[in-house]
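Okay, here we've got a single chain as structure tokens, the form predicted on its own, with questions on binding and movement later.
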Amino acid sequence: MHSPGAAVPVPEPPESFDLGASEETLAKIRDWLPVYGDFFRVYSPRRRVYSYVVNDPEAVKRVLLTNHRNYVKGVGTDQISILLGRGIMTSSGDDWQRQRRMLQPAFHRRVLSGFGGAIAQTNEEYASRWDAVARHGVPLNVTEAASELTLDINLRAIFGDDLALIRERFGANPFSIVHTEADRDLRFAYRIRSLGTILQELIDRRRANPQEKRVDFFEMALEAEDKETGERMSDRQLIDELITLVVAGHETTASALTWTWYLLGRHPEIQEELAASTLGLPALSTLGLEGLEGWAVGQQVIKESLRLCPPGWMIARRTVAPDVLHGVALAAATDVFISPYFLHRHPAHWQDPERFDPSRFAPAAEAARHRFVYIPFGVGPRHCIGEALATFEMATHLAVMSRRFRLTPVSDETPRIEARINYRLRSDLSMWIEPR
């Protein structure tokens, strides 16, 4: 099989397969990379075109940065759109640029620093719950605990005082389905989209009471203006962005924290080093975003965890116009797949890549590596807008919990993986917990 216009022969497996259509994609790419190299193509019988797998950092740089305008969101975007609408994660072109410009100020470091107290306080509250679990001598469901914690933090940051109003109005937290419902199917999408009614009620209430100024993501999105036109978001756009913040902002961070504890549990010496390093930290109330970014051991643990287990394990792009990538001519509307999961394990750039070793992210080691072999949040203009907030949450959590508790595995069994929209554990992770 040969595609028209190919500048050089492109390796391809003999079988056809719809990349990105099922969780078999990870296993297929794992089998094919050692055989066909860093740039190969696979024929998609459903789409009746070739899709290209890119695992070369220079080609990744071209797709995500230097020629990013020629690459829009690809396979899987329609599925995510059913869940999140046309928010910043799924939109493209002028619509995306406008939404990104309007939302970017809400993720400024000064704004994120203002959420530090709430993030620390929430972790302290959950530390009391973890302490109760430890006293009862039962395992901690880390997956559930991380999910509940991150959802709580995100909802407080997004809705502020309205969170209490939501609970009072509906007798519970309707957004809790993000935490309690594991399947991301059409039923879940319907239930999430139905929350738009609640969000519309909150929008109307805030618009009717402009004197009640709040400091939360909701208010910043509500007041955001396009600097070029002076326009604000429509209610539909605002609802889509709020749902995106709730769902996407929660799931990736919760998964990352679960994987971090899994790795720390299997490397107790690193967990002990992490705990010891927290003793030199000042109070979190005074440490803040900048202080936690300077916490070398904690940051290295987070980065190494995201290297091995990036929640966003696959990036799909589609060419707008023809391009030449890795010496190969690609036609317009060609699907390109980049996997941080495999890029982070590239044996030419990572020594003993399957080993959990946070020291890989010591300053000298980072400086010596190619910039585009580590992209857990993507890279370029479309990199994750919530990167700084996610790492702030993770660092705060590890600083609070690792100094108080020691977590050890309940089982030595290799966990089963689910690689769909996110890379996560198929079953909940349970660990023994004991106070330090």
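Quantities reported herein were computed from a predicted structural model and do not represent experimental measurements. Residues carry their position along the shown sequence, with the first being 1.
Just so it is clear, the following notes concern the form predicted together with protoporphyrin IX containing FE (HEM), a form of the same protein that is not shown.
Engineer: Report yes if all three of 256, 377 and 382 come within 4.5 Å of protoporphyrin IX containing FE (HEM) in the model of the complex by some heavy atom, otherwise no.
Structural biologist: All of them do, each having a heavy atom within 4.5 Å of the partner.
Engineer: Report the residue, out of 142, 245, 119, 149, that has at least one non-hydrogen atom within 4.5 angstroms of protoporphyrin IX containing FE (HEM) in the model of the complex.
Structural biologist: Checking each option against protoporphyrin IX containing FE (HEM) in the model of the complex, the one that comes within 4.5 Å is 245.
Engineer: Of 326, 73, 360, 345, which residue is found within 4.5 angstroms of protoporphyrin IX containing FE (HEM) in the model of the complex when only non-hydrogen atoms are counted?
Structural biologist: Of the listed residues, the single hit is 73.
Engineer: So if I measure heavy atom distances to protoporphyrin IX containing FE (HEM) in the model of the complex, which of the stretches 388-396, 407-415, 29-37, 46-54 falls within 4.5 Å?
Structural biologist: The contacting stretch is 388-396.
Engineer: Quick one: does residue 100 come within 4.5 Å of protoporphyrin IX containing FE (HEM) in the model of the complex, counting heavy atoms only?
Structural biologist: Contact check for residue 100: yes, within 4.5 Å of protoporphyrin IX containing FE (HEM) in the model of the complex.
Engineer: With a 4.5 Å heavy atom cut-off, would you call residue 170 a contact of protoporphyrin IX containing FE (HEM) in the model of the complex?
Structural biologist: No, residue 170 is distant from the partner.
Engineer: Might residue 252 be said to contact protoporphyrin IX containing FE (HEM) in the model of the complex, defining contact as any heavy atom within 4.5 Å?
Structural biologist: Result yes; residue 252 sits at the interface with protoporphyrin IX containing FE (HEM) in the model of the complex.
Engineer: Should residue 96 be counted as a contact of protoporphyrin IX containing FE (HEM) in the model of the complex, where contact means heavy atoms within 4.5 Å?
Structural biologist: Taking the distances in the model of the complex, the answer for residue 96 is yes, it comes within 4.5 Å of protoporphyrin IX containing FE (HEM).
Engineer: Sequence order please: the residues of 288-314 with a heavy atom within 4.5 Å of protoporphyrin IX containing FE (HEM) in the model of the complex.
Structural biologist: Counting only heavy atoms within 4.5 Å of protoporphyrin IX containing FE (HEM) in the model of the complex, the contacting residues of 288-314 are 306, 311, 312.
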